Each structure stands twice: as structure tokens, then as C-alpha cells.
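Listed next as C-alpha cells: two forms of one protein chain, kept apart as structure 1 and structure 2.
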Structure 1
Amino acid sequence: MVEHAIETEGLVKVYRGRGGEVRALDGVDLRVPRGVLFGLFGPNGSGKTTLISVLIGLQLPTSGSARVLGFDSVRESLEIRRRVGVLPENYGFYEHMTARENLEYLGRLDGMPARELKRRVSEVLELVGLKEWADAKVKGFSRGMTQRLALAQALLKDPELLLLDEPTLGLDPQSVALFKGLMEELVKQGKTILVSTHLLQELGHICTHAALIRRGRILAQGSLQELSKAYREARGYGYEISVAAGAEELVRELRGIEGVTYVALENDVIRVRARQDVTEQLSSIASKYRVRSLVPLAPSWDELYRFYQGERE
């Protein structure tokens, strides 16, 4: 089994039009490990949708290469599409057909045997909460229902890799919660999910790994810990200590630690910033007090994005 679910090397995609050339992907080297929820974070127009289209062979790269589940995206795109569930951006359903009919049609195109397809259609409709709407025409579906159906079609063949392009765009909080819960559950089952979004705050916290993309270039990629390391080294380390008693005395003692640049107390919670990793010193001092918790603060994906963007530009 290949180590990475997705691996790209120097992927370039250039659109040539009347207005000139647009480099939608500009040398993308991406590694998505297996079995993780991987975020592809970037603003609109950063190349996320193009990258997904290239990965499944809907578009051909101008140069560079991409391998998905070990298959080449140009020469073996059919093998990729056999194994990958995709929720594309700007998709649509056959509105005069019911949810079930749409899924059955797409399932047949996936090559699923009739009996398995029937069972699986019922399963995924239930999974996304559309069981009661199975025989309703898609024409009457709300945005949220359509998006759930789109997730259902991606899950239909029980793929080992899911590519979800802006899956929560325009959804109500209830549907967003459903999507997030499902994604986490699927990763627990061993699936790999690549989710692209510009809504970092909405999906960032459920992703364990990510690539930050801007103007067709990967700014940084890796696990949250790996990406946080460089951020902390540059911006310092943050900690949050929740104290039951003796907070003021603890604050005084913390200020004496070498490298600590900032200590503030607010409602029994002490916030600490330091130039280097002072976890050990903090733990040692905190053990002498009635401390409820000591948590090293991880930067948000938003902070990381801004940080790496600044690093590159």
C-alpha cells in the first residue's frame, strides 16, 4: 500500500484565454497521508477546485504529476474515479428525478451491482438524513438538502478516499454540524478525506493535517503540530493555566521564568507567552499550586494561514 493517499509533484495548471495566462496551480507539491482529515485551506481563487479537478482527471495538468491512491491522474484517472468519492463544487442534480433515482443513476455509472446499489442508496440517504425525502424530486430540495445529497453520492461506493470541495458552503449550522460529525466518523473508519474550504474557522478545528494554498502555491503543509512549530518559534509559545487558588502568587513566580514575555491573569485563568518552549518549567512551578489545567495553546488555522502567508510574501 502506498504511503500517501495523494502525492503531487510540481503540478502546474495554466489557463490560456483572451485575457492572457492564468496560473491556477503553480508548482504544487502536496502529500496527503492516509487515514487523516486533511484540510486544503485557501481563499477563493487560490486553486483548490482546480487541484481537485486535476486529481480526478477532469482537467489535465500543464506540467507536473499527481498520484492518487498510487494511480497516475492522467493515465489512470478511471482507476482513481473508481476508488474516490467526489463532492465537486458547482455540481447539480437531475431535478426532475428523485433523490433515489439520482443516486441509482450515479451508482450505476460507478459500476455498482444492482442489489448492492439498492442497499447502499438507502444506507447513505439515512446517513445524511434524507431517508424521508428519498422519493421526492430534487427540484424541491433546499440548499442544505441538496448538499447532503451531494455528500450521499460521494459516499455511495464506500470510497477509501473522499475529495470534498467546499462541502459546507452556504449551509445552515445544523447541516454543518452533520457534515463535520460524518467526516470525523469516516476518518475513524480509516478513510482519508481531503476537504477544501476557505472557511477555516468552520472546518479547521476538525482537520488534523492541512495544506495552506494561495495563488496556486502551497504555503505550508503538514500536521497541526508540525505547522504550529514554526509559528511558535517565530511568534512565541502560548499557554493557558486554570487556577483554583493562589493565582496572584503563581503569576509572580511565572514572570521570573527565563524567556517568558507576557503573563496576564483574568478570572482565574493565566495566559502566558514565552519566546521558547517553557512547558517543563511551567509544569514544575504549577505542581506547587492548585492548578486545574495547563494547556499549551495551539494557533488556529486562521493564525497559521496569516503567518505562512506573511512568511512567503
Structure 2
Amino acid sequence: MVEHAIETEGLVKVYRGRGGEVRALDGVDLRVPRGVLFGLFGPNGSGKTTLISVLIGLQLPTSGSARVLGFDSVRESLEIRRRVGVLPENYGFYEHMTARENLEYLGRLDGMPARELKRRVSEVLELVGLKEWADAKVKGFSRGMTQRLALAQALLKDPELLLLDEPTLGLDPQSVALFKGLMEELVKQGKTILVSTHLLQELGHICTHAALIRRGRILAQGSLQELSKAYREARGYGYEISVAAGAEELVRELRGIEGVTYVALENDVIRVRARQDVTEQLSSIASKYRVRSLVPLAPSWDELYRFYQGERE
């Protein structure tokens, strides 16, 4: 088995028109491990959708290469599309048909055997929470229900890898929560999911790995822990300590730790910042007090994005 679900080398995609050249992808080297929920984070126009199109062979790269599940995106694109489920940003269904009819029709177009198709349609409709609306016409569906139907279509072939382009865009909070739960459950089942989005705060916290992309270039990639390490070394370490009693005395002790630059008490919560990792020192001192919790603070995806963007400028 190949180590990475997705691996690209120097991937370039140039669009040429009357106005000149536009580099949608500019030397993308991407590594997506198997079995993870991977975020491709960047603003609109950063190259996310173009990258997905190249990965599944809908567009040819100008130069460079991409392998998906071990298959070359140019020479073996049909094999990739047999094994990958895609939820595009823009999709469409036949509104005069029911959810079940849409999936059965699209599954037949995809060459799925009739018996397997019937079974899978029922399974995926139940999985995405549309079992009760399986025989309702799509024209009456809300945005969230239609998005769930699109996910059902992406899951129809029981793919090894899912590519989801802006899957929560325009959804209400309840539908977003449902989508997050579904993605986490699918990863537990062994799927690999790449979710492409500009909504870093909305989806970032459920991703264990990510790549930050801007103007067709990868700014940084890796696990949350790997990406946070460089940020903390440059910007400092943060902690929150929840205290049941003795907070004022604990604050005085914490201020004496070498490297600590900030200590503040707010409503029984002590916030600490330090130039280096002082987790052991904090734990040692806190053990003498009635401390409810000591939590190292991870930077948000927005903070990480701004940090790595600044490093590239």
C-alpha cells in the first residue's frame, strides 16, 4: 500500500488567455497521508478547486505530476475516478426526480452493477440522514438536504478517498454540525478525506492535518502539532489554568518562572504566555494548588495562516 493518498511534485497549472497567463498552481508539492481528515485551507482564488480538478484528471497539469492512491492523474485518471468520491462546489440534480432516482440514475451512468447500486443507494441515503426523504422530489429540498444528497452521491461507490470542495458553504449551523459528524465518522471507518475550504474556523478544528495555500503555492503543510510548533517557537507558548482556590498565590509563583512573559487572572482562570515550552514547570508548581485543569493553547487556523503567509512574503 502506498504511504500517501495524494502526492504531487512541482505541480503547475497555467491558464493562457488574451489577458496573458494566470498561474493557478505554482509548483505545488502536496502530501496527504492515508486515513486522515486533511484540510486544504486558503481564500477563494488560491487554487484549491483547480488542484482537485487536476488530481482527478479533469484538467491536465502544465507541468509536474500528481499521484492519487498510487495512480498517475494523467495516465490513470479513470482508475482514480473509480476509487475517489468527489463533492464539487457546484453540483446539480434533476429536481423532478426523487433523491433515490437521482442516485440510481447517476450510479448507472457510472457503470455500477444494478444489485450493488440498489443496496448502496439505500445505505448512503441512511448514512447522510435522508432515508425519510428518499422518495421525495429534490425540488422540495433545502440547501442542506441537497448538500447531503451530493455527499451521498460522492459515497455511492464506497470510495477510498473523498475530495470535498467547500462542503459547508451556505449551510445553516445544524447542517454544518451534521457534515462535521459525518466526516469524522467516515475517517474512523478508514476513509481519507480532503476538505477544501476558505472557512478555516468552521472546519479547521476537526482536521488533524492541513495544507495552507495562497496564490497557487503551498505555504506550509503537516499535522496541527507540526504546524503549531514553528508558530509557538516564533510567537511564544500560551496556557490556561483553571483554579479552584489559591489563585493569587499561584499567580505570584508563575511570574517567577524563567521565560514567562505574561500572567493574568480572570474569573478563576490564569492565562500564561512564555517564550519557550514551560509545561513541566507549570505542572510542577500547579500540583501544589487546587487546579482543575492546565491546558496548552493551540493557535487557531487563522493565526497559523497569517503566520505562514507572513513567512513567505
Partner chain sequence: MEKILVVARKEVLENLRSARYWGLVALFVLFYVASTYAIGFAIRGFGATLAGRQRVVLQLSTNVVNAFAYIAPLLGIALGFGAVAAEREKGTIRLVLSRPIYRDDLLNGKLIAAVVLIVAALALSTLIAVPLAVALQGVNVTAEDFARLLLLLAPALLLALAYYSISLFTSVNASRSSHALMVSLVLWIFFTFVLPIVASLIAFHVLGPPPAITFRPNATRPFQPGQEPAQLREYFQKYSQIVRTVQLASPNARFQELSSALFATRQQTGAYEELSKVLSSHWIDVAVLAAYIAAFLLLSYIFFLRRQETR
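By rigid core we mean the largest C-alpha set that fits within 1.5 Å across both forms. Reference numbering: structure 1, starting with residue 1. Remember, it's a predicted structure, so these values are computed and weren't measured experimentally.
Identity of the form predicted together with the partner chain, given as 1 or 2: The form predicted together with the partner chain is shown as structure 1.
C-alpha of residue 136 moved at least 2 Å between the two structures on rigid core: Yes.
Core-aligned C-alpha movement of residue 109 between the two structures, 2 Å or more: Comparing forms between the two structures, the residue 109 CA shifts at least 2 Å.
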